[in-house]
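Just the one chain here, laid out as structure tokens, in the form predicted alone.
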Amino acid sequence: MQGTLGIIVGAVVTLIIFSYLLGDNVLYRWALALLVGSAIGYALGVAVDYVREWIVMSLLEQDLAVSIVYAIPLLLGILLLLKGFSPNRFLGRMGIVGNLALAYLVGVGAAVAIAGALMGTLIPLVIATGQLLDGPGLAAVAQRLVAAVGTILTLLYFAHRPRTVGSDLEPRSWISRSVRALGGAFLMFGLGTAFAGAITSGLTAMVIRLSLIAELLRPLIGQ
């Protein structure tokens, strides 16, 4: 019964979303508000439960040295909440102290993002591109050559940029223009492929949802 109710609710919300094809309407905006509100509520619930379970309870149950370690993130979080108050109020004026927590959050986030991009994307891409240079066959050699040249030209596309001289752009040589043109072509192919993959994923999700709606309506149609 619970599964059937979930399918019915999902089918109704899906049809409401599809009503946007007829134009912007109240039901579509209600569905968007439901989606955003549910996501924010779920994220807030997870955050509150994490703070209560892993910070506050650990702060009360551990000894003094461990409690100080757990008290630091709790204090930084409280300082960060001060930035949500109006600057005209006392707590809002104290929000400048929250810049410490914000600076720590941004610094750690940037470091993690850069490390993740290097270790998870750029370095594996370089290694995979190098591994493509091994193997027999003329077609395989051509494929590896295109992959290597495309990688190099795409990287050079961002390096060959015209410099500003006064109010004009510095003229570029034909080599620089050719490199940027070829690199831009490879970049457009790559972005087009990624966009096509995103559209395919969206269509797959839509087909799955429509198939659930069809399974729901099949007994009614049969009767």
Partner chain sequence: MFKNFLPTLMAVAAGFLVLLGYLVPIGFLPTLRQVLVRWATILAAFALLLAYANVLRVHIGRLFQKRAPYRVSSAILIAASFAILVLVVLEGPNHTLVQTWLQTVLIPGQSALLALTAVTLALAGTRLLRTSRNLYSVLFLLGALLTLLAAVPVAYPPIVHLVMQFVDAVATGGIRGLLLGVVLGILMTGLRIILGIDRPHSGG
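Just so we're on the same page, rigid core means the largest C-alpha set that superposes within 1.5 Å between forms. Keep in mind that this is a model prediction, so the values were computed, not measured. Residue numbers count along the first chain shown, from 1.
Quick note: we don't show the form predicted together with the partner chain, though the next part is all about it.
Of the listed positions (I175, A159, L60, A39), a single one reaches within 4.5 angstroms of the partner chain by any non-hydrogen atom in the model of the complex, namely A39. Taking non-hydrogen atoms only, A214 never approaches the partner chain to within 4.5 angstroms in the model of the complex. Using a 4.5 angstroms limit between non-hydrogen atoms, P219 is distant from the partner chain in the model of the complex. Not displayed here, the partner chain is kept clear of P87 by more than 4.5 Å at the level of heavy atoms in the model of the complex. Within 4.5 Å of some heavy atom of the partner chain in the model of the complex lies at least one heavy atom of A185.
Although the partner chain is not shown here, in the model of the complex the stretch 176-208 places heavy atoms of R180, A181, G184, A185, F186, L187, M188, F189, G190, L191, G192, T193, A194, F195, A196, A198, I199, T200, S201, G202, L203, A205, M206 within 4.5 Å of it, in sequence order.
Relative to the superposed core, I55 undergoes a C-alpha shift of no less than 2 Å between this form and the one not shown.
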